[in-house]
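Encoded as structure tokens, the following chain is the form predicted on its own, with no partner shown.
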């Protein structure tokens, strides 16, 4: 007995097993560990230290954070490019020295002192960049050498000029304001750091240079083969790091109004720890400014907290070392094993009990018993077409079908021996629908909804709908748009089979058997797509009823057909029309006698039905066996089913030998003949329907009937029909 739809959905929503895999696939999932670490550090030291969250304490900490964060951002950019910069501490110290010399000895304006500090950092960064980017020296050893050289130069300068700096009588209120002043309750330094972080984020995520940096860090050889100037990109990362250290050094000099022998000492270790603890990869190509920010706050909080608890410099360095070692191990192990973890947890099957006793076997004796009539179908384009998933005909009788090569091919009536590529789309065209103006609307797998004009021009209509507020899965993107039909008001109704998998991973969706499919509608007047109904187990074929008042939807893995009411007293509701069929339904299309044709892509088997009741078995199967040994739904034998408006089965067509049409995904009636498509077929079938109307064409007859239905009422009926249908759509699902 089938569970009620409401109870099934409640069970589905209560099982979060699939959320683990979904979360781990997201880029923001890498931020969870540093975020938890940051939260733990703040909680521990906030509890252990009295007045930790006092305004005065936070004000002083945020001033230090502004300087430290800028250095971490510069180092993060270097790491994203696949490098490392151990010289940031010495560059920082030199920039501090040049800032105080410019202000207190040379009496320069604040702006020139800032330029002097930035120039110092930029020149040091350029020196590293030339050696590492253009001369291709090892980044670790090179920056270690420049660290020693820079620190030695700073020690020499501070000894030579230290006394003069201490004795300088010069005061500069602007310089002091930058170091100790506030604006809107926030230190000037943290505001500058915030602006710098925002600029760096835009640089990395929205600019060509940022994309180049990530590409070079991910794989220098691939970046070079793609035409990216690798050496120049590496050079620029070190320049940016030097400039960052220069700005941070200027802010430090403004805060303390001086420089000492220990300035910048150990900064490289703290900054590197912050960048790595935040989740930025040492291997390059993976990271963000947000991760650097979290790492900077965690490290600075921990360092200041240990000092306030009475621990010395040695303890600080020891803890930083442990944090860095832990972060490095975690980064390396996660980067190496992430795909294995995802393979273990992503596929999460659910319980699904199938019902129904009727058989599709020829000797089954039921209404679904298949015969061998499809073996009589005449082949069109035998061996010349690959994967005609759906077929359609225009007003002149020309035949169209999509192919797995990303094209829509047209065969010319009446013999369909001549053909041409009508349009090249690039993705796999699945469902097809002929519009009133002769254009073709098509669902393109993993791409969206497209329109092809009479001259073959391709136009993108829709690639997304609004994301659900509480969905971990990004269901805004159309992952597997499958079939479509067009209403009398011009709206395009189409299915998105699953929100968890792309079209080529349909097998994983069948093994999970989760209700993640949905019905959507695209309105050409607004250009917006709305989610009308979800919770379907692989939403597949879609077909408007002959009167245009409801729409039929095939739910493949549930072996059912549903009717969604567009208007009338049941508007906005879904009801099951056919349940527990012995086959997996695919596309549905109208028939000349008022009934409907439905494709079966395969027939159920007792073994797979049994496995659906045991999700643990299917879960172990996907983890322990290679894909070739998995238990799949049977898609090797299908057929065509015809049913009437009430869901009663009228006739069946099959190919028992499996030579011509073992798997059927679509069929279209036209002038007494049935044209048959299959996603794995190398032909299009042409079957003569006994007793069918030889003048009936699917698209023209449909447009005529729906137009007449509207014309029988008052002139405003069409507008009211559209308005009534729109009010039945769920709010906020545009």
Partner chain sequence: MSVLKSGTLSQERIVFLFAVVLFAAYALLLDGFLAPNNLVAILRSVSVLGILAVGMGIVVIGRGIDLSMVAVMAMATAWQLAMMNAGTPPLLATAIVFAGVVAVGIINGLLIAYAEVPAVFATLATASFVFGLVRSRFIVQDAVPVPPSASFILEFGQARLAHMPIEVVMFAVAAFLSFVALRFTKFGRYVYYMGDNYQAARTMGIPVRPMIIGQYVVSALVAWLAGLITAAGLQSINTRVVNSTLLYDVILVVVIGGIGLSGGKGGMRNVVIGALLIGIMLNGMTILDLPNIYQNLIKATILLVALIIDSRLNPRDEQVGQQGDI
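Basically, rigid core = biggest C-alpha set you can superpose within 1.5 Å across the two forms. Numbering follows the first chain given and starts at 1. All values reported here derive from a predicted model rather than from experimental measurement.
In what follows, reference is made to the form predicted together with its partner chain, a form of this protein that is not presented.
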message: With the distance limit set at 4.5 angstroms and only heavy atoms considered, check whether 145, 155 and 218 all reach its partner chain in the predicted complex.
response: yes
statement: Note: its partner chain not shown here; in the predicted complex, the stretch from 611 to 619, 386 to 394, 265 to 273, 413 to 421 having heavy atoms within 4.5 Å of it is 265 to 273
message: Please identify the residue among 82, 602, 349, 654 with any heavy atom within 4.5 Å of its partner chain in the predicted complex.
response: 82
message: Which residue, 109, 321, 594, 366, is the contact with its partner chain in the predicted complex, using a 4.5 Å heavy atom cutoff?
response: 321
- prompt: Given that the partner is absent here, does residue 297 sit within 4.5 Å of its partner chain in the predicted complex, heavy atoms only?
  reply: no
query: Does residue 526 make contact with its partner chain in the predicted complex, using a 4.5 Å heavy atom cut-off?
result: no
message: Within 4.5 Å, heavy atoms only: does residue 198 come near its partner chain in the predicted complex?
response: no
query: Using heavy atoms and a 4.5 Å limit, would one call residue 206 a contact residue for its partner chain in the predicted complex?
result: no
task: Within 4.5 Å of its partner chain in the predicted complex, which residues of 227 to 249 have a heavy atom? Give them in sequence order, or say none.
output: 230, 231
message: Superposing on the rigid core, I want to see if residue 154 changes position between this form and the one not shown - specifically a Cα shift of 2 Å or more.
response: yes
message: So that I can tell if residue 603 moves, could you say whether its C-alpha shifts by at least 2 Å between this form and the one not shown after the core superposition?
response: no
- request: Would you tell me if residue 541 moves between this form and the one not shown by 2 Å or more at its C-alpha, with the rigid core held superposed?
  value: no
